[in-house]
Ligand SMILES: NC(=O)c1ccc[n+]([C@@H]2O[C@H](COP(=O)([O-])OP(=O)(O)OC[C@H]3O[C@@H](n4cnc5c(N)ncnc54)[C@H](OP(=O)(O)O)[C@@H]3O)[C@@H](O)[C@H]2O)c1
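Only one chain is included here, represented as C-alpha cells and corresponding to the form predicted on its own.
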Amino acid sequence: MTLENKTILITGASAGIGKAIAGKLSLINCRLILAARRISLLDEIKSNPAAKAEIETVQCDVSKKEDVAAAYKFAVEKFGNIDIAILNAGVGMHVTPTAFNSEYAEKVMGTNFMGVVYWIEHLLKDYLKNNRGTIVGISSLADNRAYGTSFYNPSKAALTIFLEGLRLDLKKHNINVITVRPGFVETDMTSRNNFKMPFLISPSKAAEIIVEGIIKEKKMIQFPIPTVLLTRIIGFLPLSLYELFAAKGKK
C-alpha cells in the first residue's frame, strides 16, 4: 500500500507515538487529519516548513461520543473521506486497591476502548459503502495478562480482541484491520511508571515500525521482538507460576 495521496486520520496526535507518526507522515504527500484534546500542541506539526502533507487539526476527546461525531464531520467536510484511520489516543492511570476509583475505569476504558469504537462507528458507514478502508488500532503488549490492579491492561485486552473479531467480519468487505501491540515506548505515560521497563524504545522508532507495517498491510504489528517473546512466554505460564513470577516482580 502506498500512503501517497491518502487521507489519514491520527487520534492522540499531540504526544508520544501519535505525534511521532504524525511527524513522519507529514513529510509525505498526503492529507492528514490530526485529532487531540490539546489542539494547540498540534500546531508544531502543522507549521513544520518541511511538511509536504496537507494538514488539518481538530479538537477531539475520543471518550466523548459527541466530540468524535464532530471531528468525523469536520474531516469528511475537509477531505471527503478517510482512507486510513490510526486510532492511537490512549491514557493510563495508576490505581491501587487502597485508592480504588471507578472514575479511573471510566476514563481509561472510555478512551482506550470506547474511543476506538466511537470512531469505527462512523468510519464503517463509508468503508462498507466504498468497500475499502484501513483501521489501525493501537493496543499494547500489556494486553496478555494482568500486572496488578490496573484498568490499562483490561482496556487493551478488550481492544485487541475486538479488533481481531472486526478483522474477521470485515475481510470480505476489503477493509483492512491492523492491530498494533507496542512494548514500552518512551512517552509521558511511561515516564510515570515506577518500575523497570525493559527494551524501552523511542517514539520515532515506534512510528517507523508502525508506518512500515501499515504500508505492508500487516494484520498485526508488534514490537520490539524481545518484549514480544517475553510476553508470549508469560502468557503461557500456568496461573500459579505466573502469580509467583508477578509477586517477585513487585518486590
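Predicted model, so just to flag it, every value in this text is computed and none were measured. One rule holds for the numbers: they count along the sequence shown, beginning at 1.
Not pictured, yet referred to below: the form predicted in complex with this ligand.
Legend entry - Interface membership of residue 61, this ligand in the model of the complex, 4.5 Å heavy atom rule: Residue 61: yes, in contact with this ligand in the model of the complex.
Legend entry - Heavy atom of residue 227 within 4.5 Å of this ligand in the model of the complex: Residue 227: no contact with this ligand in the model of the complex.
Legend entry - Contact test in the model of the complex: residue 185 vs this ligand, heavy atoms, 4.5 Å: Contact with this ligand, yes.
Inset, instruction - Verify the contact flag for residue 111: yes if a non-hydrogen atom of it lies within 4.5 Å of a non-hydrogen atom of this ligand in the model of the complex, no if not. - result: Heavy-atom contact with this ligand at 4.5 Å: present for residue 111.
Inset, instruction - Just give me the single entry in 118, 127, 152, 72 that has a non-hydrogen atom within 4.5 angstroms of this ligand in the model of the complex. - result: Of the listed residues, the single hit is 152.
Legend entry - Heavy atom within 4.5 Å of this ligand in the model of the complex - the one residue of 38, 52, 196, 216 that qualifies: Of the candidates 38, 52, 196, 216, 38 is the one lying within 4.5 Å of this ligand in the model of the complex.
Inset, instruction - Among 95-103, 72-80, 136-144, 169-177, mark the stretch whose residues have heavy atoms within 4.5 Å of this ligand in the model of the complex. - result: So the stretch in question is 136-144.
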